[in-house]
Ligand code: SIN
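Here's a solo chain for you in structure tokens, the form predicted on its own.
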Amino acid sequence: MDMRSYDVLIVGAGVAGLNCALHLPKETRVLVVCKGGLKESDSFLAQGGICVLRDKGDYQSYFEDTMRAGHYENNPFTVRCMIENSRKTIEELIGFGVRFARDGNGELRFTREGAHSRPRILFHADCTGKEITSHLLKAVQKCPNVELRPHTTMIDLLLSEDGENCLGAVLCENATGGVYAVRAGNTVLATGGVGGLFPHSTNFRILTGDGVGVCLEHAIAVDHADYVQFHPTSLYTTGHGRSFLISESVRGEGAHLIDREGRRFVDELLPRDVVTAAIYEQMRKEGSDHVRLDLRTVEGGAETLRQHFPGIVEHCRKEGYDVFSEPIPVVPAQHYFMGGIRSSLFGRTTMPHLYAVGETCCNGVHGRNRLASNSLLEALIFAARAAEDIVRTGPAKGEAAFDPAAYDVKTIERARKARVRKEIHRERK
């Protein structure tokens, strides 16, 4: 049987997959595959920023903000782990060349977003995710031990003959439809969220819960499939495709949500699920399909908008809206998945030698509702910890049978999407 072999297989090339690869030893042979292009991950789309513990005095309030936003369903151990490792992670990012905004004295600048009790979010204009992910990608591309293979879809896990251990994955080349197996000592699922299953989402359409789906197929534990977060403010449009996010930082800097009479109807800095519910209620009262966001109230006015939010200003302009003279129409859109593959403090799933990190996993750090700008931080930290655990654990052993003729790719993908949709709906009921 012709089977390609690596020490570690990582499925997904967002910040979680890339940071995991960067924290593996240089002698480790690593394959990173992704379903789309190397820049088609939601990590590239993140606008607002990344949280960090500002100082020791901020610890308790950061912890409480995260727990409160998650309705206290968070795992306190993972929350503590994230907060305690935040400063180290930011220092690593700066070492990779990430350029966070700084003040006139060269000190890091902080902004505030919904449900945060104080400014603790670092940012790069309104494209923080792109800034971070592009630098991580450049670093990975320089690693001689890492192979990047885009436009490659995972269609199954490769298991040991007894079905007890993960030995890699079955992959498909998107261009040719060719199916092949990759044998790996350890496999990391970093496949992202579920936005492609929703008609209105800020996610890339290719993100359809592949990691969750394959785990459901093999009885690997999945938790809280109904924990789906809707971002309160995406730019309203009657078109199809990915919704454009209006960053929460805009509201953190003073933008107001208003009704058709120009009156505020909610505290814009409440947790996302609360603000989303208030918007839907206002839409119901008005009989409207959107509300309005007034950016003219941002502190610092036009200068702040041009410097901090140039991408948002330009996108709105292209859509026919002048944020300097009028409110823009906004509506909630599916944004993030807090549920997912059950994952430990070191990314371990319930199957040996299979790890899950990033949005596809559920390690409990976010609870029922994610606190703004915790996503990039959480993905980076637990991906690095998974790499550490892989080194400690060593490779899986055993033989696996593989028959490429047994895989009808289109049938498998349709069935997987249906299974994940069904699980989300079943949990909600």
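The shown structure was predicted, so the numbers you read here are calculated from the model rather than taken from an experiment. Start at 1 and count along the sequence shown; that's the residue number.
What comes next is about the form predicted in complex with the ligand, which is not displayed.
May I ask you to choose, among Thr133, Asn203, Ser343, Ser247, the residue with a heavy atom within 4.5 Å of the ligand in the model of the complex? Contact residue from the list: Ser247.
Ok, His308, Arg272, Arg120, His353: which has a heavy atom sitting within 4.5 Å of the ligand in the model of the complex? Spelling it out, the residue with a heavy atom inside the cut-off is Arg272.
Arg370: heavy atom within 4.5 Å of the ligand in the model of the complex? Residue-level check for Arg370: yes, a contact with the ligand.
Heavy atom to heavy atom, is Gly48 within 4.5 Å of the ligand in the model of the complex? Gly48: contacts the ligand in the model of the complex.
Check Glu113 for me: does it contact the ligand in the model of the complex (non-hydrogen atoms, 4.5 angstroms)? The answer is yes: Glu113 has a heavy atom within 4.5 Å of the ligand.
Hey, of 397-405, 370-378, 23-31, 54-62, which bit sits against the ligand in the model of the complex at 4.5 Å between non-hydrogen atoms? The contacting stretch here is 370-378.
Heavy atom within 4.5 Å of the ligand in the model of the complex: which residues of 208-241 qualify? Only His231 sits within 4.5 Å of the partner.
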